[in-house]
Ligand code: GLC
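The data below hold one chain only, encoded as structure tokens and taken in the form predicted alone.
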């Protein structure tokens, strides 16, 4: 089976969130189980030159908006699988990956160029795996071309929803400029007076997936469907949830080169050394018996920062440390700064993102907070489980699928989770976690329960292969 994964971002070439992690890891995992997979992604200004191994196509001239647009494609296997990066400077050599008024045009071009590139590099793939709204354009283009172009006749599409809240909306008047002037295309994009690339992908792809079983159900509700729940319900028989995996070659406390000491499920001594180093890194008093509550996230309302703000005073009163890594909305950045100013001997913050520091926080913290309003999958809770850092989460999306609430009677469970989006429910779980932390025997049991869970990409990749086979059948 030949599979082409198309994504607007993919590690290590580009990343703003979980989509980058997934798109970078899945082709590698598919290749490891014998699937002929290829990744196509843009070459951004932020993409490091060391990842551009060679020029694969230097004359990828794209018919675009009535003229020929010169582009080229680099080749790399820096993510562990064959990858082509489409280089179009005016579209992708910018200060940030997203955030421009013409983002819809940028990714429509990328989709069109990705399909043109596939024609240049060999036979048509049996499956084209499209990701999020950025790839809704390719879904429509393929559905149209398959009717009359023999090259694509046996190709089928899988469309993965990573976050339903972002839908790639733009004015319908732009459709004809992008090459979508047919009645079929206009109807595919049409959504309450706007053009929606997410809606187009949902409507015209052969099968749909999303990044957890729970989220596959949630996007069929008004609360999480963002106006397209009627369509996800309509296509529910073609929709499946597959929880993302973790690349254990990168996120493994036994081999992680970013850590001051390594450890594993049989010997957690190194985790204590990681805690000591983390406190020192944030200039906090070295008290290894006091728990560290950590959070690594984009500072947005989705991530439950409002709940953290409401319980922060209570958490400080327990004497615990709080460490936060992230950036985002100013009011949330200001909150963390004011908390640090109020309790400088308990709170450590890093504004921005630092991959190395993220590893060190996962290893050195005792508990990881993810009280999200919604969370399609989430990765940090799975990283935390492997690093013996007990997650405290809200039971939504992938958080509900991957974290099992600890039961003190049976000794089962690997974390703590609550339901209603309420600060008192969140605080209850924090107190439960602190009670368990006070008993070293119980705490090690919870840690080891989490460290034994297999969230590897190999498991997820096999489920995707089953989805591909189902799509082809």
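Positions refer to the first chain, counted from 1. Keep in mind the model is a prediction, meaning the values are calculated, not measured.
What follows is about the form predicted together with the ligand, which we do not show.
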{"item": "Distance check, residue 19 to the ligand in the predicted complex, heavy atom within 4.5 Å", "value": "yes"}
{"item": "The ligand contact in the predicted complex: residue 163, any heavy atom under 4.5 Å", "value": "yes"}
{"item": "Residue 244 within 4.5 Å of the ligand in the predicted complex, heavy atoms", "value": "yes"}
{"item": "Interface membership of residue 134, the ligand in the predicted complex, 4.5 Å heavy atom rule", "value": "no"}
{"item": "Location of the ligand contact in the predicted complex, chosen stretch of 377-385, 185-193, 219-227, 151-159 [non-hydrogen atom, 4.5 Å]", "value": "377-385"}
{"item": "Listed residue (298, 331, 213, 120) with a non-hydrogen atom within 4.5 angstroms of the ligand in the predicted complex", "value": "298"}
{"item": "The unique member of 318, 337, 255, 302 whose heavy atoms fall within 4.5 Å of the ligand in the predicted complex", "value": "302"}
